[in-house]
Every structure is written in C-alpha cells, then in structure tokens.
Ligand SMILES: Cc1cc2nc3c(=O)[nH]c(=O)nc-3n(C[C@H](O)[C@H](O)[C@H](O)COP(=O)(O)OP(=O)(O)OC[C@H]3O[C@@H](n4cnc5c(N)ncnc54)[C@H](O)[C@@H]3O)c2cc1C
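Have a look below at one chain only, the form predicted on its own, in structure tokens format.
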C-alpha cells in the first residue's frame, strides 16, 4: 500500500477540482482520483446556474477568464405564479452586482477547470480512469482501494480522503446515515428556443404542479420543468408541437411563442443530507453530502462553498493534523448554517409555492407582491442566492 502524506480527493468533477485548485493556492499537494477519462464530460450540455459568489471563487482561482466567453449572464430574475396575482423582479444593478448569476454548460466548466490545471499543475496529481472500489476509514488514516486505467488494483493511505464524486462511491461505504425526502416529483430539462430574445432575464414560475424555470443560455433558454412523476411522464411523451403548446399554457406569453425544444431529459427530485459522517480522516462535500431541489439554483453553489471552506480548513491546519477529528468538527460546524438553510430554503419554496390548496394562491401572491415592495427583503434574497448568507 502506498502511503501519502497529503489529501486525496475522490471525484474530478467541478467541486473536486475547485477543492484541488484551492488547496494548490495554499501550497497543499493533492491527489485526485477520477473514474472517467480526460475530457469525457466536455460534451455534457447540462446547464449549471452559477451564483455571483461562485464567479468570485472562479476568479480567485484563475478559472473565470477561461470560462467567461461560455457563460450567459443573468441580469434580471422575474418571479411569478400561474393563475394568480403577485410577482417580483430582482435586478442586478439594484444590488451593485454585474449579474445575479450565470448559466454555463457542465462541459464548458470542466474544460475551463482542466485548462487551468494544465497551465499550472504543480501540486495536483490527477489519476484518470481510476474508479474507487473500496474505502476503509480508521483511527489513523483512510485507506482507499481503486482500479488504475490498466486494470490493476491499487491501494493508498491518506490522512484525509474527500468524497466529491456526487455520491457514487458512498454505496460501498458502511456506517453512513442519509436522511432523504422523496418529493415524488421529476424534473424535465432541455434547451428551448423562443420567439423573443431573453435579454438576460431568468424566469422562475410557480405553478400548482411544481416550479418551472427558464434560464438564459446562449441565444436560447434552458428549461427546468418540475412536477409529479406521472405529470412529467405525460408531458415528456408529447410530440414537440404538443409539448411546446403545453409549455406555453403553463408559462404564459412573456417570451412570446415557444418555437423549438431540443432533446429532453428527466430525473427524479429529492432532498437529502448525510446525518452521520466520519469522525476523522474522511469528509463528504458537494452533492455527495447534500442534494437539493433545483428551485432557486442552490445545490451546485453550496457544493462550491463546501470546497472553499474545506480548503481553508486544511490550509490553516498543520500537516500532521490533516483529517484530525477536531479539525473536521470545525469544518462541519462552519458549513452547518449554509447547508442547513439551503435545504430549508429550497424545501420551503417547493412546499409553499407548489400546491393548489384553497387560499394558498392568495398568500403566495401577497408574498410576492410584498417582496416587490421591500428592498431589504429583496437584498436578503439576493444575498442568499449569491453567497448563501
């Protein structure tokens, strides 16, 4: 078994690579184990909503200049409800921000992160096509078993193993307790072309069936349409013309006619978090630690803040104490408020804004109307979306 004296990150996606780059900036060496081949995700067109706070992180890491041409800025967020009064509009310039957020494809973000690492890879050792097959966390270290690209089985020991692979490796690890709330809802996503240009406006619309969002993405919108599984199955099965008509009925006329829908994908929605993790030598971050409903676009950005906070924790710790129980306790305490409130915030929005009980629509409308007239409330909401605070 190879014994390492530095952290090992399991997962070379955006959260894992942000952690690796953050550690590199603090002169902490790191090994990354990634199951896929280099560049395997460059063609992934899934849309990610980046908060302004995430942009600041990417700027500090030197990634943003390589990414900026691929992002679409969200300068305005328009929030409304179907079949009800009340709306609110958030504008970046009212909060002294260049944008309230940005939309970019997963593949473009991966290309930018990889390019940044290739430009200055000192201190970062990435081993591709190296899926983890076992993890044993004990009193003094974490022992990792993985396959190399040549098919050989390898083992290494590290003072700190970081699981940042979205949770793929967690099924193989005993002792973890996950609390999960299944909404019974699915999300349908795809690129949609509209009659009118987006003008860098993102739309969040709450319907009795579930929230839906249109995010400006290039010259099109990225659609996120959520609802009960049976309902999403029904609209997913429609031909393009019928689907576009159903979308227009649910969304309204604010962007004109819906002209074209690209390939549609759907996935189940849930809220989950790890209730019990490791006392020492192993930590779980990003979607592996908590999964949120996509309403308000919190989940990915919370994962980025996980990575930054953990890097600061490690950088401020003597090498001999990396992964020590008291240091991981401090890390978890520092993240509890952000992750807890993010889970509560998204769950609240889904529960309050996604039902058709008598009287709830009036309350929703009143709430949206009040929000439009209260600058302090809008500031709170923008800060929440941008920084998690």
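Residue numbers count along the first chain shown, from 1. Quick caveat, the model's predicted, so the values are computed rather than measured.
Only in words, not in the display: the form predicted together with the ligand, which the text now covers.
Chemist: Check, residue by residue, if 15, 46 and 267 all come within 4.5 Å of the ligand in the predicted bound form, counting heavy atoms only.
Modeler: Every residue of the spot touches the ligand in the predicted bound form.
Chemist: Just one stretch in 311-319, 237-245, 158-166, 256-264 has heavy atoms within 4.5 Å of the ligand in the predicted bound form, so which one is it?
Modeler: Looking at the partner contacts, the answer comes out as 158-166.
Chemist: Should residue 338 be counted as a contact of the ligand in the predicted bound form, where contact means heavy atoms within 4.5 Å?
Modeler: Judged by the heavy-atom cut-off of 4.5 Å, residue 338 is well away from the ligand in the predicted bound form.
Chemist: Is residue 123 one of the residues lying within 4.5 Å of the ligand in the predicted bound form, judged by heavy atom distances?
Modeler: The answer is no: residue 123 has no heavy atom within 4.5 Å of the ligand.
Chemist: Against the ligand in the predicted bound form, would residue 35 count as a contact residue? Criterion: heavy atoms within 4.5 Å.
Modeler: Looking in the predicted bound form, residue contacts with the ligand include residue 35, since a heavy atom lies within 4.5 Å.
Chemist: Though only this chain appears here, would residue 287 touch the ligand in the predicted bound form if you measure heavy atom gaps against 4.5 Å?
Modeler: Yes, residue 287 lies within 4.5 Å of the ligand in the predicted bound form.
Chemist: To verify the annotation, which of these, 307, 141, 90, 132, has a non-hydrogen atom within 4.5 Å of the ligand in the predicted bound form?
Modeler: The option sitting close enough to the partner is 132.
Chemist: Quick check on this chain: which one of 71, 280, 77, 189 has a heavy atom within 4.5 Å of the ligand in the predicted bound form?
Modeler: Of the listed residues, the single hit is 189.
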